[in-house]
Ligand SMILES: Cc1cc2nc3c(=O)[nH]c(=O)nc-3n(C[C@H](O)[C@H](O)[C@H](O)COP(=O)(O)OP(=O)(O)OC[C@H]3O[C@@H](n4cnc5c(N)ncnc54)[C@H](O)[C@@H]3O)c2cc1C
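Next up: a single chain in structure tokens, the form predicted on its own.
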Amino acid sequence: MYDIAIIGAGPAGSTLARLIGEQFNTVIIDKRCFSDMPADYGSGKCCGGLLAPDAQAMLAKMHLSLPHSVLSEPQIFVVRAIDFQRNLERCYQRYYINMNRWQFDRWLLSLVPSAVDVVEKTTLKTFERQSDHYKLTLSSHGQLQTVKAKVIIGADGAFSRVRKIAFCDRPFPKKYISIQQWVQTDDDQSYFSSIFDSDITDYYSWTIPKRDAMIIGTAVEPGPDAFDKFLLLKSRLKKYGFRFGEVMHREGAHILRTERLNQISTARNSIALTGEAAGFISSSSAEGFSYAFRSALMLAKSLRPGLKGFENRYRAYTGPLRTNIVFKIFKSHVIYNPHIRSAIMRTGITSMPIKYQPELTGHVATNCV
């Protein structure tokens, strides 16, 4: 019998296990195997592997420093915002840590106390209430097994099985399909591209440099034409001057976009959600690391006095996160309104002059000059 079963060993789940593992009898369960995955590209997660300033601040708050093995190249100080349909472009100074997402998750899991049981290559099928605990049915290597726990924590991301079972009556955030390809390139990129094109998505698309590769990605609404929209993105990138070759790796996953506060679910009946599973993710940028860390810290704080009544404490502690989400929702309405975005980009406010060298990069002439 465990006190707490955490489903998902991503940033939220591993952080929570690290914080509570010495106090409670805890198990953390993940479908991945952290010793089998490739270290060069791919992570089992459809993620660009950029740590934004808010996430960096959370690592500092937790007194954590990234090991060299987690870092990728190049480190990024510029965001290149491109509006394809209006032929507008601006560059903005931003500080991102470029990293290997797989190595990052593995490092966070390595910080979990040895007292915590780590179960890999295992998925949650279902769970049911039994007097003062839950019986969880798990699938591992095609075999079913059961464990018991007093509390279940869903840290299993946008496609959260815990949320689907325990909070099915609650509104879900809007779902998108995130599609990424790692492609070969000799393009000397030093920036993260944020691309707006309503023919592709009402959200945004991106390119991210990774050593001798480039990630091309977009978040599109689910539908039979989702991959066609991704191919449209690639064709327009080529016309815009981006150079890339063969596909090295493909990734896809659901991501959430919280549009209303009632789409956030935290805890009830000895079940809690944290990170993206709860709906804590930026609706303007899809940044989720900082919310994973913050919600895990708040959940750990709510559990510290004991299991009884932690649900109410967790809802109260996450009040500031909800306020932050409201701001991100408002920001999203500004950024993704084509007329407002166009007006802001034309002013050049907060942008910076960057001169690209077409003879080296192959890019067309840009407005960032």
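Start at 1 with the first residue shown and count on from there. This structure is a prediction, so every number in the text was calculated from the model and none was measured.
Although it is not shown, the form predicted together with this ligand is what the next lines describe.
Note on the partner interface in the predicted complex: the residue among Lys229, Arg161, Arg106, Arg80 having a heavy atom within 4.5 angstroms of this ligand is Arg161. Within 4.5 Å of any heavy atom of this ligand in the predicted complex lies no heavy atom of Leu261. This ligand in the predicted complex is not approached by Ile335, whose heavy atoms all lie more than 4.5 angstroms from it. Remark: Val27 does not count among the residues lining this ligand in the predicted complex, judged by a heavy atom distance of 4.5 Å or less. In the predicted complex, this ligand lies farther than 4.5 Å from every heavy atom of Ser190.
Remark: of stretches 240 to 248, 72 to 80, 141 to 149, 271 to 279, the one touching this ligand in the predicted complex is 271 to 279 (heavy atom within 4.5 Å).
Looking at 3 to 33, the residues that come within 4.5 Å of this ligand in the predicted complex, counting any heavy atom, are Ile7, Gly8, Ala9, Gly10, Pro11, Ala12, Gly13, Ile29, Asp30, Lys31, Arg32.
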